[in-house]
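A single chain, nothing else alongside it, follows as structure tokens in the form predicted alone.
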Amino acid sequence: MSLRIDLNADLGEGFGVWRMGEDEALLARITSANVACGFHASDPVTMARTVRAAARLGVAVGAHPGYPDLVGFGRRDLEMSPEEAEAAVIYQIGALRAFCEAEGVPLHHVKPHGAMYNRAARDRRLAEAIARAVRRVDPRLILYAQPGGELARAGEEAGLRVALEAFADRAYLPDGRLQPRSQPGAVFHDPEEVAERALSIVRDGRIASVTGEEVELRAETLCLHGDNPEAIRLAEAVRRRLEAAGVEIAPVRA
């Protein structure tokens, strides 16, 4: 059986005159983009430019909703009721969907951002709120989620197409959770090391945790963080290593 993987990245995370990452260069090396929707980062012009660039390069566009936390870049865990979280996610998906329609491209998926994404992996009520929001907007949208977490389960129970996601440039704990960014060594920067980790996930369905123990990690999509200073080199190395191993690089199928 041939191997296939999607390469995604979080993009459009600048704000006003402030820019984060090299979105155009990264778009040329990935197959799906998670575009910030204005709550944790981005603004209308940045959203429009990012969607337009993705459309030009044939990259699948996804909404990247997060907590309303521009100052903390959506990485602070905020308390929101399920009703508030559901409405916030619907609002953000709707905003990005409008830009997709303006550019004549379909909205492909939804991937929560930062603290919202991490909390939804363990918080059933938040996970259900996000899944409901996605389904209410469009049940055909694909939900990106971590393997074995509450968000993946809630998405499946809501009847959504769930694409399991792994992170080649992030460290994993022995229980399969991501090591918090606040801890040393949580993010990998060496392109060859990240490429080898990506191949291990795609080919073997496992990866070494911070303790050296192997963690089972099957995924359909790999995230490469656009805010990583080595993002372009990492994406090039990962793609080169996977393609050399005969892996097909393509967006997640609906």
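Residue numbers run from 1 along the displayed sequence. If you're wondering where the values come from, they're calculated on a predicted model, not measured in any experiment.
In what follows, reference is made to the form predicted in complex with a further copy of the same chain, a form of this protein that is not presented.
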query	finding
a further copy of the same chain in the predicted complex reached by all of 28, 55 and 240, non-hydrogen atom within 4.5 Å	no
Listed residue (164, 105, 80, 178) with a non-hydrogen atom within 4.5 angstroms of a further copy of the same chain in the predicted complex	80
The single option of 194, 222, 35, 41 touching a further copy of the same chain in the predicted complex, heavy atom within 4.5 Å	41
Partner-proximal stretch of 214-222, 200-208, 46-54, 182-190 relative to a further copy of the same chain in the predicted complex, 4.5 angstroms, heavy atom	46-54
Contact of residue 75 with a further copy of the same chain in the predicted complex (heavy atom, 4.5 Å)	yes
Proximity of residue 99 to a further copy of the same chain in the predicted complex, heavy atoms at 4.5 Å	yes
a further copy of the same chain contact in the predicted complex: residue 124, any heavy atom under 4.5 Å	no
Residue 10, heavy atom within 4.5 angstroms of a further copy of the same chain in the predicted complex	no
Stretch 78-93: residues contacting a further copy of the same chain in the predicted complex, 4.5 Å heavy atom cut-off	78, 79, 80, 83, 84, 87, 88, 90, 91
